[in-house]
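So this first bit is one chain, no partners, the form predicted alone, shown in structure tokens.
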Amino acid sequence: MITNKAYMAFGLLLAGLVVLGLAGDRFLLYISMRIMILAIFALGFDILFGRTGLLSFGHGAFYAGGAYGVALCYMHLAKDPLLCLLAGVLLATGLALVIGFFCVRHTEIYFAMLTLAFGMMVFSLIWNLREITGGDDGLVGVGRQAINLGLFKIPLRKESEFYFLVLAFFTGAIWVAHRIRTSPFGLILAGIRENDRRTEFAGVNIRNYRLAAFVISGAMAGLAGGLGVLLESNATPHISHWSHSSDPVLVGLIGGLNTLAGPLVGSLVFVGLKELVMRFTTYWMLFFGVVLLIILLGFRGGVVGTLVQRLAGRREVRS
């Protein structure tokens, strides 16, 4: 249950992001957009992993589905950003539906390995279908045309203009995640995570619910991928690789699983820490890994989970 203080915190967060969009410089806006896009990716992943208890190592495939869907739509069908984003999300959703149909029949390590296998299959297809995907070169030159609303147009070419489109989708993703968590659907997903056999004995078709969570998670990953390609102006095969699928896993572990704020805090720490370490050493992957390891060991429930536990402990002591 989200308290009034939590609503106030999210309100302050959104107000701060609006002010940042109006006053921030180009680099700060770029980093902020990367954080928000990763947070959308992680929010969707948390519905599957944190809420339902299914660990996927193939979510990069859905991120890539959204990215390549937007790029292909822009190059061959239409230049409208919203229409291209819709095409990307639909492609990612369809991909998640097909892959999820086979994966949700299994659980635990078998589910994780199946998602990994399907993810690498998608990576191989993107790499080899050069005529469609550009192969290892990817698809470049994806522009940000103005959104045509008939009576007026919303420009997106500048970072400060595109920032508010990302912020709008980021806000929408938080709302969707919150609605799922507080709905009967979300409660059933939590029941499946805690004890799938008891939930099944209660008359719930757990495969259908797992598939629904998988598809929703894949669709949100596709939205993040679509926004990512509009930000970077290109789609490359590495975004479908298993190593990219590990990003939302790390974000969830850093911020805290099965919490609404966890993916947001985890994305901030992940992107901010990575940018900071890269500026000081060429061996940034080694130092970045060490720092992440310290955070994961020091905050066993994630940053948000640990803070919640400590606050609850203090309240018990006072009472």
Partner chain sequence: MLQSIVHVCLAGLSQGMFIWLVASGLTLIFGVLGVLNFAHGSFYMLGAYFCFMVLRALGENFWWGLLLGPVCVAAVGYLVERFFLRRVYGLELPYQLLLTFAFVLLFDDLVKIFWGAASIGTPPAPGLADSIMILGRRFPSYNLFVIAVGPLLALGLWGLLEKTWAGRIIRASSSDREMASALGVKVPTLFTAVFVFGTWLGALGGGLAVPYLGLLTPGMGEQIIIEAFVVAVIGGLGSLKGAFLGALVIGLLSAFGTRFLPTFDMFLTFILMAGVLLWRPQGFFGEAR
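Positions refer to the first chain, counted from 1. A quick note: this is a predicted structure, and the numbers were derived from the prediction, not measured.
Just so you know, the form predicted together with its partner chain exists too; it's not on screen, but the next bit is about it.
Note on the partner interface in the predicted complex: the residue among Met121, Met75, Ala146, Leu82 having a heavy atom within 4.5 angstroms of its partner chain is Met121. Though its partner chain is absent from this view, in the predicted complex it lies within 4.5 Å of a heavy atom of just one residue from Leu97, Leu116, Leu90, Ile132, which is Leu116. Residues His106, Ser246 and Leu257 are all found to lie within 4.5 Å of its partner chain in the predicted complex, as judged by heavy atom distances. Taking non-hydrogen atoms only, Leu296 approaches its partner chain to within 4.5 angstroms in the predicted complex. Not displayed here, its partner chain is approached by Arg300 to within 4.5 Å at the level of heavy atoms in the predicted complex.
Of the heavy atoms in Phe164, none are within 4.5 Å of its partner chain in the predicted complex. When contacts are judged by a 4.5 Å heavy atom cut-off, Tyr110 counts as touching its partner chain in the predicted complex.
Contact annotation: its partner chain lies within 4.5 Å of heavy atoms from the stretch 122-130 in the predicted complex, the single such stretch among 122-130, 218-226, 146-154, 67-75. Three angstroms is the minimum change: in the predicted complex, the CA atoms of Leu297 and Leu276 sit farther apart than in this structure, by 3 Å or more.
The pair Leu296 and Leu17 separates in the predicted complex: their C-alpha atoms are at least 3 Å more distant from each other than in the form depicted.
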